[in-house]
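Here you get one chain, nothing else, as C-alpha cells; it is the form predicted alone.
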C-alpha cells in the first residue's frame, strides 16, 4: 500500500445534509423540512473510532444511516475509501455493502424471533456469496472472539439475554470482515452491568481486528472511554469536536458542558456544579435564526440571535462553534 493510500480516510463526509419533507403543498412540493442532519463534515481514518454524542433527536442515528447510504443524503458528498458513493442506488452500492456494516441499538429487534441465531448469521454469508463451509468457519471463529460457545448458534433469540444477543450482533457485523462499522448506541438497551462487558469487547476486537467505527451514543462517559475522537451534535449540527483527550480536558461549548455536568460523580461527597438548561428545545422543522442553541444558552447575546457560529479550531484539532469562545 502506498503512503497516499494510507492517508485516504475510510469515510469522509463533506457538508452532508439530510432533510425530511413534513407536508405537501400545491404540486406536491414540500413546504417544510425537518433538518435531521444539517451541514456536517468530518473524516474517519483507518483503525479509528469516532464518537457522536448528543441528546435523543439530535440527528445521530440519521447521520449513521446516511454514512452507510441506507438513507440518501439531501445535499453534500460522501466518500468511502476515496470513492464517491453519494447518491448511489442499490445496484451501485452492492460492491460496497460487504465492506460497510451496522450494529443496531436493540439486539432483540435485530434478530428474527422465529429463526435460530446460527441460521441468521449464515444468511449473511449466503447473501454475499460465501460458501457454506467458509461462512461456518468464519462464524465459529467469531463466536470464540465474542466469547460465546458455538452451541449457542442452535438457540432462538428468545432463549438468549440482551448481552448475548448483542455479542452475536457484533459477530454478525464482522462476518464479511468490513472496513467500516456504524455502532448505533450498541449498549443503551442493555443492563448497566452488561454495558461495560460489551464496551470492553468492542475495544478488544478493535485492537485485534483494527476496526474503523462510528460509535453513536447519548452518554458522554461512554464515548470518552472508547473513542479516539468525539463530535457533539445538537439539532443536526456538530457544535464541538476534537481528539477525546483534548476535548474532555477542556469542554468549551455550553451544550457540551451541560451534558458532562449531568453525569453523577462516583464520590457522593464531591461537590458538583450542575448546569441545568432552561427553555424548550427548538423544533428541527422551524429552527430559530442565528445559533440554534440560543434559546437554552446561558451565554446568549444579540450576536447569537443574529448569526449561526461556524466551527473554529481552538488548537490541537479541538473545534468549537460558539461566538463566545
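Residue numbers count along the first chain shown, from 1. Keep in mind the model is a prediction, meaning the values are calculated, not measured.
Beyond what is shown, the protein has a form predicted together with a small molecule; the following relates to that form.
Of the listed positions (57, 288, 298, 47), a single one reaches within 4.5 angstroms of the small molecule by any non-hydrogen atom in the predicted complex, namely 57.
With the partner omitted here, the residue from 66, 36, 40, 256 that has a non-hydrogen atom within 4.5 angstroms of the small molecule in the predicted complex is 36. The closest heavy atom approach of residue 62 to the small molecule in the predicted complex falls within 4.5 Å.
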